[in-house]
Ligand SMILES: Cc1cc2nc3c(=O)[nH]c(=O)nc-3n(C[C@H](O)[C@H](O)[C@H](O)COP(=O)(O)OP(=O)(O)OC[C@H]3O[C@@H](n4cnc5c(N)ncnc54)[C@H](O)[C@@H]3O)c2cc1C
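A single chain comes next, written as structure tokens; it is the form predicted alone.
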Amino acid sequence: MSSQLQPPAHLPTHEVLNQATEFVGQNLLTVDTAVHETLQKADAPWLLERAAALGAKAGSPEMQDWGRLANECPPKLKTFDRFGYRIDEVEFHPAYHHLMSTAMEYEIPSAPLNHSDAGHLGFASLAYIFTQAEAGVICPMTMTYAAAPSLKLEPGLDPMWLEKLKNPVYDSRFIPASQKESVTIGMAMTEKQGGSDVRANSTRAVPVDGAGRAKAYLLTGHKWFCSAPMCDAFLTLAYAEGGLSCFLVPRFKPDGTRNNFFIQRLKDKLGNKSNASSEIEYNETWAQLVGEEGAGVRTIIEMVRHTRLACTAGSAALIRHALTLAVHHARHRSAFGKLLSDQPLMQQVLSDLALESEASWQLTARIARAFDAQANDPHEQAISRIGVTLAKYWICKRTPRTVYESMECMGGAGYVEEAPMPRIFRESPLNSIWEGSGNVMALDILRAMQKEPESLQALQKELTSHLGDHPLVDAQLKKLQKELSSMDDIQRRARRITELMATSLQACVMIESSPDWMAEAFIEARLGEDRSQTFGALPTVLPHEKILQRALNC
């Protein structure tokens, strides 16, 4: 804001001073040294260029304001039109459409389809940058990105779906997909009685003219959570004669008429206000079988696995956004005679938060690279499967605590609704709940250990390659091996095992990807015997000046 446009600082009773400025007008890529380094090393020029452009856009006052407006003016359900016809449409504020258009333009959902080099790293890093302007739009972008692997499993589907997923334009028109420039895909899996236990679903599927792959079925039942109901089609689960199966449900039937897709209500959620999450009912709803009857979980699990990468990237982005605001505030606010950023205890807290942020990003990037390499490398494929579950569990769990501490660094200025921090805080628990809560993630790790032993072997290979790099890493791996040496009461120990795996992997990734002094600080802070559960209460003084300059390079 120019000096001519600044509001008056001299008021009748006092002078307005010692206030931090809005953090806008900065490139969200170039101020983030760790992410910038990752993309420079990726050998994917398209991605570095795209991320720099999106970084400037996402940090602009305009896009930051779109994020605010999309959340302050949430979507509205229009069940009927004014003449009494049932339409089941959701109306959004224009800011939401601007954000959707930006996300599509920068290829957030289509990066792996359009780029053979670093496509999944592209999705993760672009979503990470975008989330720092607005998180809710990333939900439909995530599901659209994640739908492609499941759709590829069914060659009998109209190739139009995958072709239109590639198109980096946003087409918001509510018309049949065949008439649109591009499409978005949603997901509707869980039901009231089962939640994560999708085998308890009650929705039934009856074939229209013979059962079989890509054949038409009619679905009847409900879905307790259906996010982004204005998507063009949805992957969903229902019981056919052969068992729990995966189906593609379009909003329009092949004849161009509206499908029986009845939105009962929009969820009134803690956060994620810009995104419409709904309860829906199917009543003889037209759908196509994706994969074999009875193979529903196996078919849709690829979509779930990719959405878990998105949860990881989204949570890392929320940590990053909160840290950015806290550091910026501390650099502009004085107390007791000097800037907060020069106060030793505040430096210790902010540096600790910065370690958390970088470790979250580095682990996210490692898993995204495994996704990119999985087709040609069995080790990377195994890491992508077990690693995304570990990362999703741990980073998402750490997010609310980290965001809260960042909010506290700002004091009352971070707690008022005019600030971005309350929106970040309300968003912070979501990714830990979506696509499998903490217990589901921990149990998935146990299942992988038993059913996919190659994933555990790959993880152990990754971790043991760093034996000798640091005594605390060696001690941590020894603890992990002890936990894995017995199967007694293993479910009760599942979270402990998952945490040991996740923090061990984070430490190893920091050794590989971050400066030596940054990795050393993280290992001392997170793996030491006297580590604290409170940010800033570390047993050692951190190299705070270097850490904070690296964290916010502006």
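In this text, all values refer to a predicted model and were calculated from it rather than measured experimentally. Numbering starts at 1 and follows the sequence shown.
Not on display, but discussed next: the form predicted in complex with this ligand.
**Asked** So which of Asn114, Ser172, Gln481, Ser437 gets a non-hydrogen atom within 4.5 Å of this ligand in the model of the complex?
**Response** So the residue touching this ligand in the model of the complex, by this definition, is Ser437.
**Prompt:** Quick one: of Gly242, Gly194, Pro94, Pro254, which gets a non-hydrogen atom within 4.5 angstroms of this ligand in the model of the complex?
**Reply:** So the residue touching this ligand in the model of the complex, by this definition, is Gly194.
**Prompt:** Is there a heavy atom of Thr102 no more than 4.5 Å from a heavy atom of this ligand in the model of the complex?
**Reply:** So Thr102 does not count as contacting this ligand.
**Request:** Consider Arg401 of the chain shown here, and say whether it contacts this ligand in the model of the complex, taking contact as heavy atoms within 4.5 Å.
**Result:** No, Arg401 is distant from the partner.
**Item:** is_contact(Ile433, this ligand) in the model of the complex, heavy atom dist at most 4.5 Å
**Value:** Result yes; Ile433 sits at the interface with this ligand in the model of the complex.
**Message:** Within 4.5 Å, heavy atoms only: does Trp286 come near this ligand in the model of the complex?
**Reply:** Although this ligand is absent here, Trp286 would stay clear of it in the model of the complex, with no heavy atoms inside 4.5 Å.
**Prompt:** All three of Met143, Met187 and Phe225 touching this ligand in the model of the complex at 4.5 Å, heavy atom to heavy atom?
**Reply:** Affirmative, all three are within 4.5 Å.
**Message:** Which is the contacting stretch out of 473-481, 454-462, 336-344, 195-203, given heavy atoms within 4.5 Å of this ligand in the model of the complex?
**Reply:** Of the options given, it is 195-203.
**Message:** Suppose contact means any heavy atom within 4.5 Å; which members of 441-457 contact this ligand in the model of the complex?
**Reply:** Contacts from 441-457: just Leu443.
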